[in-house]
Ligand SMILES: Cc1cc2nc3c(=O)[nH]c(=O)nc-3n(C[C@H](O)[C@H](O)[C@H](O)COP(=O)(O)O)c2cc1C
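Okay, here we've got a single chain as structure tokens, the form predicted alone, with questions on binding and movement later.
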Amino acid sequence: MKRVLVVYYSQSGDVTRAAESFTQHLNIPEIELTWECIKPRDNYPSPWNLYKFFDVFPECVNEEPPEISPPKFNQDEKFDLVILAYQVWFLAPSLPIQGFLKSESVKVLKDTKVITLVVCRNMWHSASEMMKRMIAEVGGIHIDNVVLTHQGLPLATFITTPRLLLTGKKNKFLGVLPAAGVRDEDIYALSRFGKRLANNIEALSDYSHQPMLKGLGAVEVNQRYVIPELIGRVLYRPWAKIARFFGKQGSWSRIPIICIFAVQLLFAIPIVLLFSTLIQFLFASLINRKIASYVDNLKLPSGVI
């Protein structure tokens, strides 16, 4: 019998539904499926309070996660596969998942095959690369990465995603903008990955460390988002360090800097999008090769096709 551990954190429920669909075909006698929902000791609200949402920004970027409640599984248990499903907060894995990756319980990943499943708006690149690094640091074997993004054009999700985060409303907005979150069809389609795993369960215990989900469209990289996200990541770091200098999460002393960051972000996003478009237009011959190399790396380990 093969042992599969599903570690996840979800607020809106999309990550939970995605993980359930992904593992649909793994509910078979040959597989023992163990579920673990990561719970931070101080939980995060859903829907969010506006200030509370921005107040987690410095810790997300600085990789200062909260303590988590001890998981039900034993860190010394041995699994054949760990499926790690997570959200993206401020271009980084959500704080509860970071908390797991920096806890004693993360020892369960050592020398174990890991498949990551990321569910987010559209800018997942930095979080994915960060996740790869953190898995490698604890000795995990990252064999596949599956990316599921929110429905709608970027400008639409710029409105629908914050609306979901702050009000919990997922329905169509003003009768024009699409529903928030991921499409039901896209969630249902994740079952194809679990089916591939169920049909090749013996490969879970081999020593090849090869991807198991190639050819199923696990990752789609939209090159338009690469430069804006890289710029955003660079701009986030000094803001995060300044905010952290003024105090810890929840402290009164950093309220002014968090508010200033939130206001400037509203103006910075369209400026960054315009600036990145100009960069790609003016310096295409100089940067295209580097961008192509970065995109190839983002596709790893599963690949697009």
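Computed from a predicted structure; not experimentally measured. Residue numbers run from 1 along the displayed sequence.
Absent from the display: the form predicted together with this ligand. The rest refers to it.
K.L.:
Quick one: of 212, 91, 82, 117, which gets a non-hydrogen atom within 4.5 angstroms of this ligand in the predicted bound form?
P.N.:
Looking at the other structure, the residue within range turns out to be 91.
K.L.:
Although this ligand is absent from this view, report whether residue 113 comes within 4.5 Å of it in the predicted bound form, heavy atoms only.
P.N.:
Output for residue 113 is no: heavy atoms all beyond 4.5 Å of this ligand.
K.L.:
Going by a heavy atom distance of 4.5 Å, is residue 142 a contact of this ligand in the predicted bound form?
P.N.:
Judged by the heavy-atom cut-off of 4.5 Å, residue 142 is well away from this ligand in the predicted bound form.
K.L.:
Please tell me whether any heavy atom belonging to residue 161 falls inside 4.5 Å of a heavy atom of this ligand, as the geometry stands in the predicted bound form.
P.N.:
Yes, contact at 4.5 Å.
K.L.:
Hey, in the predicted bound form, does residue 235 get a heavy atom within 4.5 angstroms of this ligand?
P.N.:
Flag for residue 235 set to no.
K.L.:
Since the chain is shown here on its own, which stretch among 129 to 137, 161 to 169, 74 to 82, 104 to 112 would lie within 4.5 Å of this ligand in the predicted bound form, judged by heavy atoms?
P.N.:
Contact-bearing stretch, as computed: 161 to 169.
K.L.:
Give a yes or no on whether each residue among 13, 53 and 56 has a heavy atom within 4.5 Å of this ligand in the predicted bound form.
P.N.:
Each of the three qualifies.
K.L.:
Could you list which residues of 23 to 38 come within 4.5 Å of this ligand in the predicted bound form, counting heavy atoms only?
P.N.:
Nothing in this stretch is in contact.
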